Ligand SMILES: C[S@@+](CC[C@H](N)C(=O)[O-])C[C@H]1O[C@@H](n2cnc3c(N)ncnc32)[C@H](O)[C@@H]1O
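We begin with a single chain expressed as structure tokens, specifically the form predicted on its own.
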Amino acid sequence: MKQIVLVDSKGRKRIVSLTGGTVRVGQLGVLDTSRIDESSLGKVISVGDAEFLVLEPSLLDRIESIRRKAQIVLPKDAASIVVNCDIRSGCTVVEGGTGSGALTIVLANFVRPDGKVISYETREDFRRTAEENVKRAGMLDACSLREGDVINGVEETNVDAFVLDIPNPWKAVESAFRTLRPGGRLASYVPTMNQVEKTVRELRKRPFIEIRTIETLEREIVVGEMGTRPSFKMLGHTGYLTFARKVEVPFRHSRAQQ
């Protein structure tokens, strides 16, 4: 257990590394991590005047605790990317658009211990923030964060997945095609339909199959003593996800490519 998550009474979370010495927890005070071990899990401790539950951090805890410099890909969409791109231990994944690093953390969690996520970001300030978040999440060993634009091409070849969270993913389709192995998967995350249309047009110009676009919606169910109902609030549209799979030779008929 190298890290813990401290959860306050309002559900706010702070990831803390167990250094064996004292660490400062925000502006709250100093915590002696040498006194925390497996027996501390599920119990309440004090930091300054505040009380926290001590838990082992989950992937969701790590995502919710990151410092945001840019809008993140939410867990509902990240999960769909992992499944549709068949991302698992040992995979090599190129990510275009690191942002705050939330999706990078998710991808790294699934490719470990033998895989790698190579993430490109055009803005140095975003890259620095993402690196801090990835390091704090304990995923830096599975990541390589670089400043660069995937539209201009990348160093990697024969990768398993190419994931795009950039405003103009259609411009990176050619780069993705050159970089992916045969059977490798592409994923694009964009907020508008016209971005989807431009991306799909570019995909159809090349031997990609299984091209499809989806939207994931999430609504919590409120379970009460007097009855159960859907929440009035819904996590609705965040973005459209487009997926495709690279092949060497396309089918003759375009309908079979879809």
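Just so it is clear, the model here is predicted, and its values are computed rather than measured. We number the residues from 1 along the sequence you see.
Not on display, but discussed next: the form predicted together with this ligand.
In the predicted complex, this ligand lies within 4.5 Å of some heavy atom of G99. Although the partner is absent here, G148 is a contact residue: one of its heavy atoms lies within 4.5 angstroms of this ligand in the predicted complex. Using a 4.5 angstroms limit between non-hydrogen atoms, G153 is distant from this ligand in the predicted complex. Using a 4.5 Å cutoff between non-hydrogen atoms, N158 does not count as a contact of this ligand in the predicted complex.
The stretch among 134 to 142, 82 to 90, 179 to 187, 166 to 174 whose residues place heavy atoms within 4.5 Å of this ligand in the predicted complex is 166 to 174. Taking this ligand as positioned in the predicted complex, the residues of 102 to 140 that bring a heavy atom within 4.5 Å of it are, in sequence order, A102, L103, Y120, E121, T122, R123, F126.
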